[in-house]
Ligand SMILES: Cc1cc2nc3c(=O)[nH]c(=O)nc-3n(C[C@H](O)[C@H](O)[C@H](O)COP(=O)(O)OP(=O)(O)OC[C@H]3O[C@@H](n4cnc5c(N)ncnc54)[C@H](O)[C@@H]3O)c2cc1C
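There is one chain below, alone, in structure tokens, taken in the form predicted alone.
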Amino acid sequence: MAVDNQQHVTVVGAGPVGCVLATLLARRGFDVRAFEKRPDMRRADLAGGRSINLVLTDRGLHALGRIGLRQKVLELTVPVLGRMMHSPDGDLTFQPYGKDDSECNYSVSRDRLNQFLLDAAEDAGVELNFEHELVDADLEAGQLIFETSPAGRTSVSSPVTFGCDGAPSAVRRALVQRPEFEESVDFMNWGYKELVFPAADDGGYAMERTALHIWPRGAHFLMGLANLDGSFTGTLYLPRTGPDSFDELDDPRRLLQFFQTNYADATELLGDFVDEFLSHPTGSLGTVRCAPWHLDDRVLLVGDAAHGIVPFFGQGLNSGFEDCAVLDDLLADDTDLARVFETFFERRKANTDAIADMALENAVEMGEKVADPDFLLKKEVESIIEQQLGKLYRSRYATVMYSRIPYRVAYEAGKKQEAILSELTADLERAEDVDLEQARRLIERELTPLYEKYGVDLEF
């Protein structure tokens, strides 16, 4: 099907990714309808308890810049300059993210961002339909069946459908019925719950505002990200079953004992959190992989619907927004939707598989390694190398968060970087004693050829 500027297209899902994609499509002249199963969050008080503050980095901000919203969205965020690790004894260790304060992440409320992007989509001419849950689809015929309230079911004609309906995607569920479609959904034994660190008595922040706070405890951990109102959104990651699990923490006494034993300084800051904890639902953590992401020129999966990941690298939102920017580029250069969808899948699949793997690895890093002296020594050495040899070396974290270097390249480079850092720290006691000439030799031998192969420029 060739692109027609008046083409009717449907976006299923009006979360942040669905809103950005719908806005980009509308700006290209498409007649866009978006359908969302939830009520309009701008007018309804939605139940909380499973929200994790989102992190915006360069990839996501680039896509927002496409629709002129980068600066306006940044006004909704809190800059995050590094990690603040809380030891069991209450000691604090700060680990900066970038080579200077210009390299930072941005913490943003999921709901507040989504509300803003719904307004932007509507302003761009997108027709928004709420309380429409996709329950069935004939993708060949271009018919979508939505459950609505109170009308019951309604059928919508959709010659082109974009599935932006998240990891539990109903659009993907319809594609799974086709024999050529492959899918895996792998859940972690961990779950998560949202907790709120309230603002201090004077309305300010009770913890360092510009840090991601982490309480690493090995088999579980707590984290907190700042909001604009002085509060922090906290998230407890914990096994679902077994010792020290959500199953065990089902009464106030056990819950308080667990927190006082493992998170004493956080307990003081959380206030009266017991009822909040027990009433909030437990969220799931999983990785979605599937192939292909499209059906001819009729259907395309975008964002978590195609490649849902766990949240431990802060790239779920950013990879979804990057999908939107890549698709927008392809639509600018080609009028054949079948070819565009196939090229999009080929270009993104290896990269989204790579960030899925890195996110799983980062779960171990955040829960265990950030409290490990050997790991911290490597990070200190890496920071020195970045400062001194920045044209030759940027950390995997930096290439993922502060550049648009393909995830696959960052992943491959990260494996080589781990080997280099292990060799440099093998007999090292102090990071400042690292042999920079040895570091240069190892980098030029192991890393530089990889970057040259992919045409990557580390000066960002």
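Throughout, we count residues from 1 along the sequence that is shown. These numbers come from a predicted model, not from an experiment.
One more form of this protein should be noted, the form predicted in complex with the ligand, which is absent from this view; the next part is about it.
Enquirer: Which residue among L54, A26, A410, A398 has a heavy atom within 4.5 angstroms of the ligand in the predicted bound form?
Expert: Exactly one listed residue reaches within 4.5 Å, namely L54.
Enquirer: Among R217, R110, K99, H280, which has at least one heavy atom within 4.5 Å of the ligand in the predicted bound form?
Expert: The residue in contact is R110.
Enquirer: Work out which of the listed stretches, 199-207, 126-134, 335-343, 256-264, brings a heavy atom within 4.5 angstroms of the ligand in the predicted bound form.
Expert: One stretch meets the cut-off, namely 126-134.
Enquirer: Quick one: does E382 come within 4.5 Å of the ligand in the predicted bound form, counting heavy atoms only?
Expert: Because no heavy atom of E382 falls inside 4.5 Å of the ligand in the predicted bound form, the answer is no.
Enquirer: Going by a heavy atom distance of 4.5 Å, is W190 a contact of the ligand in the predicted bound form?
Expert: Result no; W190 lies far from the ligand in the predicted bound form.
Enquirer: Examine P311 and determine whether its closest non-hydrogen atom to the ligand in the predicted bound form is within 4.5 angstroms.
Expert: Because a heavy atom of P311 falls inside 4.5 Å of the ligand in the predicted bound form, the answer is yes.
Enquirer: Counting only non-hydrogen atoms and a 4.5 angstroms cut-off, does Y393 reach the ligand in the predicted bound form?
Expert: So Y393 does not count as contacting the ligand.
Enquirer: Within 4.5 Å of the ligand in the predicted bound form, counting any non-hydrogen atom, which residues from 20-43 show up?
Expert: Stretch hits, in order: F35, E36, K37, R38.
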